[in-house]
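First, one chain by itself in structure tokens, the form predicted on its own.
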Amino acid sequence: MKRYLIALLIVLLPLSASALTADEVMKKSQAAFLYQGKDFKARVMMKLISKSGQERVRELTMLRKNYGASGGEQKYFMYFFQPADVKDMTFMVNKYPAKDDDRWLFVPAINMVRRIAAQDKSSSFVGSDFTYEDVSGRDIEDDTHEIVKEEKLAGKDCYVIKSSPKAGDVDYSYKQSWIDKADFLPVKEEYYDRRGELYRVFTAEEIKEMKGFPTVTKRTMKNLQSGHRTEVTYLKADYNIGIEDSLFSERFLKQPPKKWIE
């Protein structure tokens, strides 16, 4: 019996040693979803779909570059091709760990660069169901995380993480994330409003491997209260292409280099 118990202990010890905390799961998820590669470029199709099924289509190029380790500083640059009311509009983010991000929007119709205030991070991103903060992600340290259960979703073994904001700086009371145990990408996210009612749902609908990186190439955010949803699809994407630091400047918000946006 003693030999049996020792053998059982040897088998179980690696399992317990490898168990992850909620914070560790979320850090791995952030790295897989937002930090893969040294840099990233995608041609993006965004469909804004009303409750009645009417569609508005927006096409853009998104570029992202990492600075330092996963979870560290990043820079984002986006250029809009269509429709006419947003053509030549650009958006730039300097993302920082443990402090408010800097965001700028160039509006060609009025030839003005507008700074997006930190308190506006929960506002709609160009009329979509994604917020400004959804675009570049939220700091892990801004929330308290706990593993509420583990279950299968869409055939994937997932951790289910409840994340509650430490401060009242967002428009939801908490969210639940289904994180794939295999690649740590978020399969689904549910956002609950101040009354505790589900009001927004994110789903990763297509995942493809690109240069060895599992990548969410199609995602949807749906507002259950309005019935409106936004579908985002990567028409093409690439990693580690050598994006230059000079791109991320106010000067290029007005006249971005063609070699990076096309």
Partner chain sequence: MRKFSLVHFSVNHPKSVVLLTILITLVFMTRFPRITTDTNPKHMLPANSDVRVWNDEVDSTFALYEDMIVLGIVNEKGILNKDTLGKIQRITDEILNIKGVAARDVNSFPTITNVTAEQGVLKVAPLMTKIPESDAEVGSLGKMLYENPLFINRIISKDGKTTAIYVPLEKDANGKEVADKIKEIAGKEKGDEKYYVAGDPVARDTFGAEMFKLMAVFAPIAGMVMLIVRYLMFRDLFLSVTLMMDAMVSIIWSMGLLIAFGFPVHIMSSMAPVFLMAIATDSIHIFNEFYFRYKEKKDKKTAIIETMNAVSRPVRYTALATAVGFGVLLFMNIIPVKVFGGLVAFGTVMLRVLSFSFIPAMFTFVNEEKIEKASRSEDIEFSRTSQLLKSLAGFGTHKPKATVFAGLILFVIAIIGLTKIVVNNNMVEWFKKDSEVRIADRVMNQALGGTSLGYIVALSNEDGFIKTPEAMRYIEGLQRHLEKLHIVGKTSSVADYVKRINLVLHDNDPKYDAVPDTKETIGQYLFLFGMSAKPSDLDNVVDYPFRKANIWVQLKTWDAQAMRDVIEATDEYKKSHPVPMEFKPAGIAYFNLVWNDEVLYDMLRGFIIALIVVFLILVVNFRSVKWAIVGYTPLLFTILLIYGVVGYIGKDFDMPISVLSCLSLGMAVDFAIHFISRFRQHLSEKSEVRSQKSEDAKNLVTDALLWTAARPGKGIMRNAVLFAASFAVMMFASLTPYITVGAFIVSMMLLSAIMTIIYVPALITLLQGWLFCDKCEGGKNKF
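Each form is matched to the other, and the largest set of C-alpha atoms that superpose within 1.5 Å is called the rigid core. Residue numbers count along the first chain shown, from 1. Quantities reported herein were computed from a predicted structural model and do not represent experimental measurements.
Keep in mind the form predicted in complex with its partner chain is missing from the figure; the text below concerns it.
Enquirer: Select, from the options 137 to 145, 150 to 158, 176 to 184, 115 to 123, the stretch whose residues sit within 4.5 angstroms of its partner chain in the model of the complex by heavy atom distance.
Expert: Checking each option against the 4.5 Å cut-off leaves 115 to 123.
Enquirer: Taking the shortest heavy atom distance, is Leu105 within 4.5 Å of its partner chain in the model of the complex?
Expert: So Leu105 counts as contacting its partner chain.
Enquirer: Can any non-hydrogen atom of Lys166 be found within 4.5 angstroms of its partner chain in the model of the complex?
Expert: Because no heavy atom of Lys166 falls inside 4.5 Å of its partner chain in the model of the complex, the answer is no.
Enquirer: Is Glu55 close enough to its partner chain in the model of the complex to count, meaning some heavy atom within 4.5 Å?
Expert: It does: once its partner chain is placed as it appears in the model of the complex, Glu55 has a heavy atom within 4.5 Å of it.
Enquirer: Check Ala98 for me: does it contact its partner chain in the model of the complex (non-hydrogen atoms, 4.5 angstroms)?
Expert: Heavy-atom contact with its partner chain at 4.5 Å: absent for Ala98.
Enquirer: Decide yes or no: are Gln30, Tyr76 and Leu198 jointly within 4.5 Å of its partner chain in the model of the complex, with each residue judged by its heavy atoms?
Expert: Result no, not one residue of the spot touches its partner chain.
Enquirer: Since the partner is left out here, which residues of 84 to 103 would have a heavy atom within 4.5 Å of its partner chain in the model of the complex?
Expert: Going through 84 to 103 in order - heavy atoms within 4.5 Å of its partner chain in the model of the complex - the hits are Asp85, Val86, Lys87, Met89, Phe91.
Enquirer: Is there a C-alpha shift of 2 Å or more at Lys149 between the shown form and the other one once the rigid core is superposed?
Expert: Comparing forms between the shown form and the other one, the Lys149 CA shifts below 2 Å.
Enquirer: Using a superposition on the rigid core, decide whether the Cα position of Glu250 changes by 2 angstroms or more between the shown form and the other one.
Expert: It does, since the Glu250 C-alpha is displaced 2 Å or more between the shown form and the other one after the core fit.
Enquirer: Does Met89 move its CA by 2 angstroms or more between the shown form and the other one when the core is aligned?
Expert: True for Met89: a C-alpha shift of 2 Å or more.
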